[in-house]
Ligand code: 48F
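Encoded as structure tokens, the following chain is the form predicted alone, with no partner shown.
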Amino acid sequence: MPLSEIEVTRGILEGFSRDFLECLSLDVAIAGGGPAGMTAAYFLAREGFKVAIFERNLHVGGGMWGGGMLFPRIIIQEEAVDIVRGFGVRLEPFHEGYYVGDSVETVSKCTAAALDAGARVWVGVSVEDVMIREDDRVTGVVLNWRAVELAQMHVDPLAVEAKAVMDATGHECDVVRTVERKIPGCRLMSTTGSVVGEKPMWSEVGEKEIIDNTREVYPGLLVAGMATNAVFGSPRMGAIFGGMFLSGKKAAEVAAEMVQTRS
């Protein structure tokens, strides 16, 4: 028996409301569904943490879909191969210590793995602010529809609490910049105490430093993926992505420790 339009609407609203209400109190809230954020969500959810990704675009994967300059292939270092193959991605040897993979397959299987592990992914939702309490600790994220943001409409947001918040928004490091802008006298846990901005491309250095830079940068807030190099002033890497997956795995470990400290 075919459904009426009203029943279709009911199914969408009831399902959305039920699932979103489950996300109002999280262990970890992740801003950005690129490779680092998705990898972190996978490892956290696999260990039983309650985690959700809020991605402002209508798609996840960040810049990985287009590979290098719209050629849908990416390079993965040997150190990250076990992570990527763990998602079921097929990789071919390319050079000693390096592999090549299909970017579309990688995004799709990484996302499916995170969802299967229990992570929630919300698309079209922007993290426009954070919640702060008396001790100046980040305690959650403030959300609005991306469409509202693009239309520059004055619509009040809603909020989700979290024991740890992860900025995986890529080159912009939007969440860290928001904290820096809105908290008087804010000092980040970095060499300079503020966002430096990423340097020009130097893949070898950028890939190493992205892992070193993956850490808590403000009480309750950590960075993963390219957001780390933007905060700490490290180079960008281009279409080599192993560091993104390794950063995501490390970010999951850092976030888990932050959650356990607050529990």
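Numbering starts at 1 and runs along the sequence shown. Fair warning: this is a prediction, and the values are worked out from it, not measured in the lab.
Although it is not shown, the form predicted together with the named molecule is what the next lines describe.
**Q** Just to confirm, M237 within 4.5 Å of the named molecule in the predicted complex by heavy atoms?
**A** Judged by the heavy-atom cut-off of 4.5 Å, M237 is in contact with the named molecule in the predicted complex.
**Q** Check R137 for me: does it contact the named molecule in the predicted complex (non-hydrogen atoms, 4.5 angstroms)?
**A** Flag for R137 set to no.
**Q** Give a yes or no for F54: in the predicted complex, does one of its heavy atoms lie within 4.5 Å of a heavy atom belonging to the named molecule?
**A** Flag for F54 set to yes.
**Q** For A251, is any heavy atom within 4.5 Å of the named molecule in the predicted complex, or not?
**A** Answer no; every heavy atom of A251 is more than 4.5 Å from the named molecule in the predicted complex.
**Q** Checking a candidate spot here: are A36, S126 and M226 all in contact with the named molecule in the predicted complex (at least one heavy atom each within 4.5 Å)?
**A** Result yes, every residue of the spot touches the named molecule.
**Q** From the list H171, R177, R73, R85, which entry has a heavy atom within 4.5 Å of the named molecule in the predicted complex?
**A** Only one option qualifies, and that one is H171.
**Q** Please identify, from 189 to 197, 93 to 101, 155 to 163, 118 to 126, the stretch that has a heavy atom within 4.5 Å of the named molecule in the predicted complex.
**A** Selected stretch: 118 to 126.
**Q** Out of 137 to 152, which residues reach within 4.5 Å of the named molecule in the predicted complex, heavy atoms considered?
**A** The stretch 137 to 152, when checked against the named molecule in the predicted complex, contributes no residue at the 4.5 Å heavy-atom cut-off.
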